[in-house]
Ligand code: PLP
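Below you'll find only one chain, the form predicted alone, shown as structure tokens.
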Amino acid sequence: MDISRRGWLGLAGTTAAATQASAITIRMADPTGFAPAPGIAHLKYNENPLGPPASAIQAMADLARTSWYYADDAEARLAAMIGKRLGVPASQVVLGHGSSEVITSAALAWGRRGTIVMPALQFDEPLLYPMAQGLSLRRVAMAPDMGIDLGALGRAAAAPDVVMIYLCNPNNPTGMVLPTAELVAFARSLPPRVTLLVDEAYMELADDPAARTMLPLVASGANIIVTRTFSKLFGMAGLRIGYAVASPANAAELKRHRLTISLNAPGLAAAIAAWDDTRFQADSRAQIIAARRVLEAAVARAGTVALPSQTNFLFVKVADANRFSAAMAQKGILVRGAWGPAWPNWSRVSTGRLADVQRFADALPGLVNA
């Protein structure tokens, strides 16, 4: 059973349903076949089921009349908008097909010089292509609580071949966020030859994101690259727009290694329209957090645990993640299986439409020990 946007907003304690109703109507009706089949609870890929705001959908519709033009001017416009809000020149903003493309570009560029180090339990798909090209990648064990071990990363960075540390904050798939003071101290302790790449794809969903982000260090000239995306808060995963903010030299290097000539015009149009749609952003954040609380309560009732999350997903402890995922799929609920052989008892479940989240909550007690 589906749920209306108004129902979501009631849960989140907001009152802006009417202003965004057209966005969710289009998303739910979806005649294109891109959305999950009816009856499937898609809680697998950390998508935002609210979809883009109505302003973005209107911008994409308007664009259809002129979509035969390349979108270079729109790229410059979006970079300027991002730079203005984040306090850096537009030249220090690097756009990509999602933040994943920018991370891939960084791995290709820095990987030519030496080794990239990352935590063992972390999103690594943007590195698959660079690895196929011979990237030297070193993984560092997690802390006992499954958090990122900054001390171990710092020791790894001392090796003379290391040129970049790549980490996600908040982390994917754990959902955990690093203490800000510790991360800042870590960044300042790195040798000058080591660039710190921090993927903040989920930062806008964290508690007090302005206090946690590494963007101020980038603006001050630090050797740090921060990547972000329109996929999560803005509900545009399928439109593939992301960006990096970096020093002038690092931004220039990223642009030299960008994989595409031009970004897609509909995604750019939607991103430009949504960037200043602060009412939608507030609604989106509130609803994601409300759904996360439903998941957290369900985990507690089921007698298991989840890692403390600052994202739109939970990393939930189960008897066997692959069996758990298969059993949930039998009920039409899609969640992640084991991230890898080292973590067979942890399954990642995303927030989604409230009805879908509730289906997971209802099924969890009977399947947690599957």
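Quick note: we count residues from 1 along the sequence shown, nothing fancier. Quick caveat, the model's predicted, so the values are computed rather than measured.
Separately, the form predicted in complex with the ligand exists; it is not shown, and the next lines address it.
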*Proximity to the ligand in the predicted complex, single hit among Gln92, Thr213, Thr195, Ser100 (heavy atom within 4.5 Å)*: Ser100
*May I ask you to choose, among Cys168, Ile148, Ile225, Ala271, the residue with a heavy atom within 4.5 Å of the ligand in the predicted complex?*
Cys168
*Give a yes or no on whether each residue among Ala206, Phe234 and Ser284 has a heavy atom within 4.5 Å of the ligand in the predicted complex.*
no
*Taking the shortest heavy atom distance, is Arg292 within 4.5 Å of the ligand in the predicted complex?*
no
*Consider Thr229 of the chain shown here, and say whether it contacts the ligand in the predicted complex, taking contact as heavy atoms within 4.5 Å.*
yes
*asked:* in the predicted complex, is there a heavy atom of the ligand that lies within 4.5 Å of any heavy atom of Asn172, even though the partner is absent here?
replied: yes
*Decide whether Ala201 counts as a contact residue for the ligand in the predicted complex under a heavy atom distance cut-off of 4.5 Å.*
yes
*Which of 174-182, 113-121, 92-100, 260-268 sits within 4.5 Å of the ligand in the predicted complex, heavy atom basis*: 92-100
_Need the contact residues for 236-256: heavy atom within 4.5 Å of the ligand in the predicted complex, sequence order, or none if there are none._
Arg240
